Structures are given as structure tokens and as C-alpha cells.
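In the block that follows, a single chain appears as C-alpha cells, in the form predicted alone.
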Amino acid sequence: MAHYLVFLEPRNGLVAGVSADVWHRVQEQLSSGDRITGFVAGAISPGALDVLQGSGTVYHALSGSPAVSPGTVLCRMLSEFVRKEGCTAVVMAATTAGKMLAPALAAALPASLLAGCTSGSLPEKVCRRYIHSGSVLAAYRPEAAIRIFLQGREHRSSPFRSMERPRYVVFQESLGPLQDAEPLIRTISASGSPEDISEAGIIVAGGRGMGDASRFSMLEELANLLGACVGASRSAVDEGWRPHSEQIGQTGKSVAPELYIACGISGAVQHLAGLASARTIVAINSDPYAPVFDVADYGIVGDVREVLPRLTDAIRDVLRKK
């Protein structure tokens, strides 16, 4: 029997949508006798956990504002909780916070860290993931008794539905010997969209074909019009045109938007791996043979610097008439 612990990441007082997706994905894979437990720490708004459906128990850890890195406290809380509850696997979203927390937790337990696994890996007790730019599906069998899965967001044919609701338990976390510890990590606030790109419903992304950093203002204008987030390919990030928090692909974030507009992005397999779950892809590229057109639902062949202003004006006219 497996006991899954799902880490629920708080964001702006709510449970991050990508974490809720992970919770429901695990619910769908439970076998008879399996258990599922949720864990969230810090301040959340009343009713924030109402988005969670299914069986199990969600524990909400309350703590003060200690003079210690929040990540250090959270890692200690989770490791103690896993040992106390006898969890056999920890599942968390592959967000920036998850990617920072998972390695530290794996070292503290210790546990096998399995990232980029397909959703079917949980009950099989193996990690199946694509390697060599997606050309090979490899299977890894962890050595440690406890496994940590990092999962990206996926589009689902139908949302998870259940009449059950998890039990909610609140407890006060004692920091013990960490109470007087010194901070280990500075908190860095990045400017840009307040919405995490991994949860965005619409993404307007740019690549090297944009030409330079200044031309990303065209993407920002279109994104503001659509209520979207701006994303970038690795080449654009490597050029220093956009922050790494906006990078999409194998070395960036996996996204699952309803609409993905790729502007000046050729479509390297590493980038396409990060948007495999996008529902609709629109590609704008001057090269008619660019690989991105192989996965796009709609394609526009042309210079993105000429197409984007016209596309933005056309969308503005449509929205103005509504």
C-alpha cells in the first residue's frame, strides 16, 4: 500500500492551481488501500482548500515568522512529517519553489528524486521520462524507499470530480532548535507578471527571432490585451532579453495554456517539450520550414516584427466591438 504526500504550494493566500492539479492527478491513480495526505504551510485565505476534491486529509501547518530561511523550515517540517506519517512518496508541482525544495528534502530524508516523470509513473513505482530530446522513453527504478516526484502541469480530457472532500487539520508547528537559526537564503522578488507562467491560461512567447530585448515590448502589449503572460525560449533568456522565470522548455518551465502564441521561435525539441500540454498553438515565423509549424494548430509565415503589430491591432478592434 502506498501513502502519497502531496505538497500544496500556497500562492497569494490560495493553493496554487498547479498544486491542485497534482492533488487531483494523484487521486485518480489511487489503488485500493492507498492513502493520500496533503500538506500546506503558512497563511492561506478562508476557503482556499475548497478547490481540493477527493479523499484523504490535508494538514495545514501554522508557524510564526522565524529568523530562518522559510525553505529551511519547510524542508525540516516536511521531512519530519514524512517520517512520522510513514509516507512512501512525496508528490509536488515542478514550480520554481518545488524545484528548490525537492532536492533539499531528498537529501534530508533521504529519498530518490524523480523529475519529469510521466503521470503513469506513480503506481508503477518507477519513473518513466523522455530523454535524448524526447526520442527515447526511459524507465528509472529508484533505490530509496521514499520517492519524490516533481510533476509539471498537464491538460486533462475531463476535470476530476468527486463528491468527497478531504478532512482539514490545522496544527501549530514548533520550530525547536531552528528557532534561533540565522537566515540562509535571501528572499528575492522578481519584477514582471504576478502570475506564475506555469499556471497561465494564455502565453505570448518570444525567441531569438524577436531580434533584441526592446522588441519584447510588442509581446507585452499583446499579452496585456489578452490578459496573458509573456514567455521566452532559452535562446532569448541566454541573450539576457528576458528573465529565467519566463523560460519555457526542458531547462525552464512546463506550461499547459489554453493558447500559446510562439513568436520568432524556431521550435527546438527542448522548447517544444515544455509546451507539449498546450491546447492551441499559434506560430509566427519567417521560416516556413521551422519545426514549430509541425506542432502548431495555426501558422503565420512572416517577419514577427511586422506581423505582431497587425495582429495586435486586429485583436484590439475585435475586443473594442464586443
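Remember, it's a predicted structure, so these values are computed and weren't measured experimentally. All residue numbers refer to positions in the sequence shown, first residue = 1. Take the two forms, superpose them, and find the largest set of C-alpha atoms that agree within 1.5 Å; that set is the rigid core.
There is also a form predicted together with a small molecule; it is not shown, and the following applies to it.
Student: Taking heavy atoms and a 4.5 Å cut-off, does Ser277 contact the small molecule in the model of the complex?
Tutor: Looking in the model of the complex, residue contacts with the small molecule do not include Ser277, since no heavy atom lies within 4.5 Å.
Student: Closest heavy atom of Asp303 to the small molecule in the model of the complex, within 4.5 Å or not?
Tutor: Looking in the model of the complex, residue contacts with the small molecule include Asp303, since a heavy atom lies within 4.5 Å.
Student: Find out whether any non-hydrogen atom of Ser286 is located within 4.5 angstroms of the small molecule in the model of the complex, and reply yes or no.
Tutor: Looking in the model of the complex, residue contacts with the small molecule include Ser286, since a heavy atom lies within 4.5 Å.
Student: Decide whether Ala268 counts as a contact residue for the small molecule in the model of the complex under a heavy atom distance cut-off of 4.5 Å.
Tutor: Yes, Ala268 sits close enough to the small molecule in the model of the complex that at least one of its heavy atoms falls within 4.5 Å.
Student: Could you tell me which one of Pro166, Gly252, Gly152, Gly98 places a heavy atom within 4.5 Å of the small molecule in the model of the complex?
Tutor: In short, Gly252.
Student: Pick from 226-234, 106-114, 135-143, 88-96: which stretch has a heavy atom within 4.5 Å of the small molecule in the model of the complex?
Tutor: Stretch 226-234 is the one.
Student: Is every one of Gly209, Gln247 and Gly264 in contact with the small molecule in the model of the complex, taking contact as a heavy atom within 4.5 Å?
Tutor: All of them do, each having a heavy atom within 4.5 Å of the partner.
Student: Quick check on Pro110: with the core superposed, does its CA move 2 angstroms or more between this form and the one not shown?
Tutor: No, because once the rigid core is superposed, the C-alpha of Pro110 moves less than 2 Å between this form and the one not shown.
Student: If I superpose the two forms on their rigid core, does the C-alpha of Glu143 end up displaced by 2 Å or more between this form and the one not shown?
Tutor: Glu143: C-alpha displaced by less than 2 Å between this form and the one not shown.
Student: State yes or no: after fitting on the rigid core, is the Cα displacement of Leu14 between this form and the one not shown at least 2 Å?
Tutor: No; that C-alpha moves by less than 2 Å between this form and the one not shown.
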